[in-house]
Each structure stands twice: as C-alpha cells, then as structure tokens.
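The chain below stands alone, shown as structure tokens; this is the form predicted on its own.
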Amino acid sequence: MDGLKPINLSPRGSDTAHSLAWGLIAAAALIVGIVVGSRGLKDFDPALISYAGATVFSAFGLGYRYAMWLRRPPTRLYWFRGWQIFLIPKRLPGNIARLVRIFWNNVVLQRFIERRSKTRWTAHWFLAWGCLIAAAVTFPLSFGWIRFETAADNQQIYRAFVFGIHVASFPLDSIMAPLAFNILDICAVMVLIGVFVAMWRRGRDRGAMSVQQFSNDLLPLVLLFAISVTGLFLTASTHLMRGLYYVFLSQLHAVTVIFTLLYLPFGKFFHIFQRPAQLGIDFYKRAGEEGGQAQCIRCGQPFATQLQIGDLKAVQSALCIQYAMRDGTHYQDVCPACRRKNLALTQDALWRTPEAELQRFDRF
C-alpha cells in the first residue's frame, strides 16, 4: 500500500533495559494516578493499600512484558503497521466508525468465539464481562477515585463521588441502591457461571483435555473461582451470619485477589491486554487488498497481498532468515502450491539419484 513508511524492526538498546524502563513508567504512572485521583490520598482508604500495592506491581509486570512483546520483530511490525494504516488522515473518520463496529462485534458480543463453539462463547462471555465490570468497580474504589457517602442532611440519600466531584445521588430505597451495593456479587455470579461452563466443556472435550496445562488453562479458572466464592462469602457473612468470620474471610479474599494480581502479567490473563491489538487485523487485510495481490513467480497465480509478502520478507530479514535466491528472487514469492510441487520434485530427483552418487554422499 502506498504511503506506508518502513518500520525499524531492529531497535537499538537492550530489550531488557527497554522493557524495564516501560515497566517502571507504567508503575510510576499508576502511582501518580492514585495520588492525583484521590486528591492527594484524601479519598484513599488505607485498608485497601495491599490491593493498591499489588496493582502497582502488576502494572510494572504488564508494562515490562508488553514492551518486551513489542520488541519482537513480527509483533513490532504488525503493531506499528496497524497504527500507520489506521491513522491515515483521509481514512481516519471511516476507520473510527469501522473500529466501533469491530469493537462491538469482537469485544462486546465476542462473535469470533461464537463461531467456534456456543459453549466456549458462553463461558468466555460470562468470564470476560464478569471480570471487566468487577475491575471497573474495584480498581477505582481501591485507588480512591470513587467513593460513596450518605448526605449530611438526609441519611436515606447516598451520594457518589468521582475524583472528589459529586456525580450522582440516590435514595436507599430505590432500585439503584441494591444494584450499586451488590454489583460485585452480580459479577461474582457471572464469573462462576463462566467457570462452571468452562470446566464442564474442558471435562467433555477430549481435544482440550489432551493439550490443557494446569498453570495455563486451569489455574486461571481456579483463581477466578476463589475470588468469586470468597467475595460471596463476605456478603453471606454480613447479611446471613451477622458478621461471623468476616475478618478471616476478608483476609482470605484479599489473599486470592492479591495473588491473582501478581499472576496477571505472567499467565494466561495477559491475553486480556494483547487481545485489543487484534482489532487491527481487519484494517490490515483491507489495506492489503487495496494494495494489490502478489503473484507467484512460478505459476503466475495470485496467492497473497503484496503488503503481507513485503512485511513477511522484512520480518525474516530482521530475524536473519535468508530466503533470497541466487537469481535475485525470493522464496516468499513462490505460492504454497508451487512450494509443495518443488518439494515433491526434489524428493523424486533424490530417488532417481544413481547408486554411485548415493555412495559418494554416504562418505560424508
């Protein structure tokens, strides 16, 4: 596609030092956000400092791993190429509208999973939205960005503040009150539904059972189950058992949440932050189609886009994979069908090699 600049796939400096710097930047930015958003820690609850500390460490790990991920030539090229295509000035308004549609289908409805399996989609949808809604509530509360208090002149009115600014009020006998007070319980039930459906599918799918690993596939479900159950236990202790074992349950819940936050950058949960990058696939494909097709130098048939083949050559060159041929052509300019034919012809030629030639090769 015309107008796209080449991308440096071999950045200078140490990968570790670069990623460490970005990890520290992410952690520092979160600390600044907590201090500023809580109005100099005026709205910060000291009882939640363990959650905030674990989140800062998680931010460091996420920044480090994401930066390291972007140092890989394939990921680096795809990432920056996607932004180049998206930010083309004359296409930007249409790209924004298209991005909203892709976001709705792939993130909100998650139809890319629905096409694979209804059961997989059910589990993933409940897990995803249960976790996302819970995170949207718990993180701002832990950072002091959101707080609630009763009105000074009416104890039946609850007031919500965001960054110290009063944004809403609702009476305690309204529909909004139980929804606000129990939103995390609702999220916990959603997550448990997703966990049970996922475990049921994994227990019946022989293909999944043969390749699944505890640390990568089962541990995330165990952690989400533990967080949800211990959170529901806190509600049960408050409303059904008059606070019995509340201190112990609150500490147990804190341990499960903190452990999950520490695990977040290094386990399967990291794909939550990788997934949005895949929204650029549609823009990349469309740009490639507009840029013309690459034709096989052997049979003359189109087999891929010129943009894709050019980027693939650049990535292989950055990885020191040399597929250039002596006549100046490139092996990536040969279509997959012709590659298979060349392999068959090569094998046939080896079978036809005279016995004397084979004996000569055996000496080596």
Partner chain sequence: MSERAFYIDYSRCIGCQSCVQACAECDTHRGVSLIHLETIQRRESVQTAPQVCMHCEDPICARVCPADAIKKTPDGVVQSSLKPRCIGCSNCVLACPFGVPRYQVEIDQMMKCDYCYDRTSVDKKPMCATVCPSGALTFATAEEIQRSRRGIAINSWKFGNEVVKTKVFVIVPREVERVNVELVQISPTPSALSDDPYDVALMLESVE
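Positions refer to the first chain, counted from 1. The structure presented is a predicted model; accordingly, all values stated were derived computationally and were not measured.
The same protein has a further form, the form predicted in complex with its partner chain, not shown here; the description that follows concerns it.
Not displayed here, its partner chain is kept clear of Pro302 by more than 4.5 Å at the level of heavy atoms in the predicted bound form.
Although the partner is absent from this view, Ala17 stays clear of its partner chain in the predicted bound form, with no non-hydrogen atom inside 4.5 angstroms. With a 4.5 Å cutoff on heavy atoms, Thr150 does not count as touching its partner chain in the predicted bound form; it lies far away. Of the heavy atoms in Arg339, some are within 4.5 Å of its partner chain in the predicted bound form. Just one of His166, Lys90, Arg206, Arg242 comes within 4.5 Å of its partner chain in the predicted bound form, counting any heavy atom, and that one is Arg206. Only one of Phe126, Tyr158, Tyr78, Trp145 comes within 4.5 Å of its partner chain in the predicted bound form through a heavy atom, and that residue is Tyr78.
Of the candidate stretches 244-252, 96-104, 206-214, 222-230, only 206-214 has residues with heavy atoms within 4.5 Å of its partner chain in the predicted bound form. The three marked residues, His271, Gln308 and Ala344, each reach its partner chain in the predicted bound form, with a heavy atom inside 4.5 Å.
Contact annotation for 297-329: residues with any non-hydrogen atom within 4.5 angstroms of its partner chain in the predicted bound form are Ile297, Arg298, Phe303, Ala304, Gln308, Ile309, Leu312, Val315, Gln316, Leu319, Cys320, Ile321, Gln322, Tyr323, Ala324, Met325, Arg326, listed in sequence order.
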